[in-house]
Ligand SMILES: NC(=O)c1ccc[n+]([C@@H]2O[C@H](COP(=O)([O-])OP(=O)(O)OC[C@H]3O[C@@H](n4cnc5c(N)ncnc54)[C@H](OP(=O)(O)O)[C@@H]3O)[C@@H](O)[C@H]2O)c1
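Shown here is one chain on its own, the form predicted alone, set out as structure tokens.
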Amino acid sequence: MALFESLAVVGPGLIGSSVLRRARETGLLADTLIAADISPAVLDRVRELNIADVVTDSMAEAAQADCVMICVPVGAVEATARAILPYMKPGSILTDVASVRGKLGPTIQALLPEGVEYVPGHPMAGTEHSGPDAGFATLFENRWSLLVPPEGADDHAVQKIQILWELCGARTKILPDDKHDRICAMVSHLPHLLAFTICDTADNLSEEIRAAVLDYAASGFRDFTRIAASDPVMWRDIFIANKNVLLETLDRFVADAQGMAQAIREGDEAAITARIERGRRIRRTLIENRQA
């Protein structure tokens, strides 16, 4: 028996289409899969991929599902919720996958119709690709999905969303909004900011050096360019939505970078080695935690 009779994914991009693929492959998430989007091209591609039973541009139609998952960029989550919530039925659950919580929890909770629950969950998984073709059924395997239910959320609804992500292969953890945003600023938002900035620095080099950099790029630079290939609109919204925490984290990074620069300037071999060793320990911990 499936977890829900029907599951609607609004915004079937990388995350949304991966959920639909997982649901289609296992048959455990929902009996009926609904994909909704405002883009005709996206909807046509979802039909071609055959990853949903119902494909629609109607938010009212998507809202009839037992569980509605909003998978749009963070800047559009609230507006999308406002478009869907008036049509949702009692006993249903609204969730989203926004990577910045901010005030979303209390804001959307205040809009809930009688009998509708709201339990957001952020899967800590992704690639630099986007759109319906970018998804795959194993995207969430052994990754974390951080649940951030607002205060007073129904325990049964929280449990159902927790099970949904576990059926997708993820491990789950319940966190408050502020802790979630601080964690994501360090492990996701800052690395992307640095990647975009490093690539911008390379692009501003003289033509001769820029060409050589692109011709002879080593693995470190290539890793940064992979991250920097991510969707610009999505990351613009994330940076703005989490700006206060992100800027605090960036300030800390800048201070640490300046400390490393000072050690290099002074030829302080012990300080340089100690910082590199701390980095190695972080990497080993990621491997032990199955996050690398």
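Here the rigid core means the biggest group of C-alpha atoms that line up within 1.5 Å when the two forms are laid on top of each other. These figures come from a predicted structure and were not determined experimentally. Quick note: we count residues from 1 along the sequence shown, nothing fancier.
Heads up, the form predicted in complex with the ligand isn't pictured, but that's what we're talking about next.
| field | Non-hydrogen atom contact Val97 with the ligand in the predicted bound form at 4.5 angstroms | value | Val97: contacts the ligand in the predicted bound form.
| query | in the predicted bound form, does Gly131 have a heavy atom within 4.5 Å of the ligand? | reply | Gly131: yes, in contact with the ligand in the predicted bound form.
| Would Leu20 show up as a contact with the ligand in the predicted bound form if we use heavy atoms at 4.5 Å? | The answer is no: Leu20 has no heavy atom within 4.5 Å of the ligand.
| message | So in the predicted bound form, is the ligand close enough to Leu146 to count as touching (4.5 Å, heavy atoms)? | response | Answer no; every heavy atom of Leu146 is more than 4.5 Å from the ligand in the predicted bound form.
| Is the ligand in the predicted bound form near all of Glu78, Gln109 and Ala157, within 4.5 Å of a heavy atom of each? | Checked in the predicted bound form: no contact with the ligand for any of the three.
| request: Using a 4.5 Å heavy atom cut-off, indicate which stretch of 246-254, 220-228, 66-74, 25-33 touches the ligand in the predicted bound form. | output: Stretch 66-74 is the one.
| Among Ala60, Ile264, Ile38, Ile240, which has at least one heavy atom within 4.5 Å of the ligand in the predicted bound form? | Selected residue: Ile38.
| said: Suppose contact means any heavy atom within 4.5 Å; which members of 122-146 contact the ligand in the predicted bound form? | reply: If the 4.5 Å heavy-atom criterion is applied to the ligand in the predicted bound form, 122-146 yields His122, Pro123, Ala125, Gly126, Thr127, Ser130, Gly131.
| query | Arg47: with the rigid core matched between this form and the one not shown, does its Cα shift 2 Å or more? | reply | Superposed on the core, Arg47 moves its C-alpha less than 2 Å between this form and the one not shown.
| query | After the core is matched up, is the C-alpha of Lys243 off by 2 Å or more between this form and the one not shown? | reply | After core superposition, the C-alpha of Lys243 moves less than 2 Å between this form and the one not shown.
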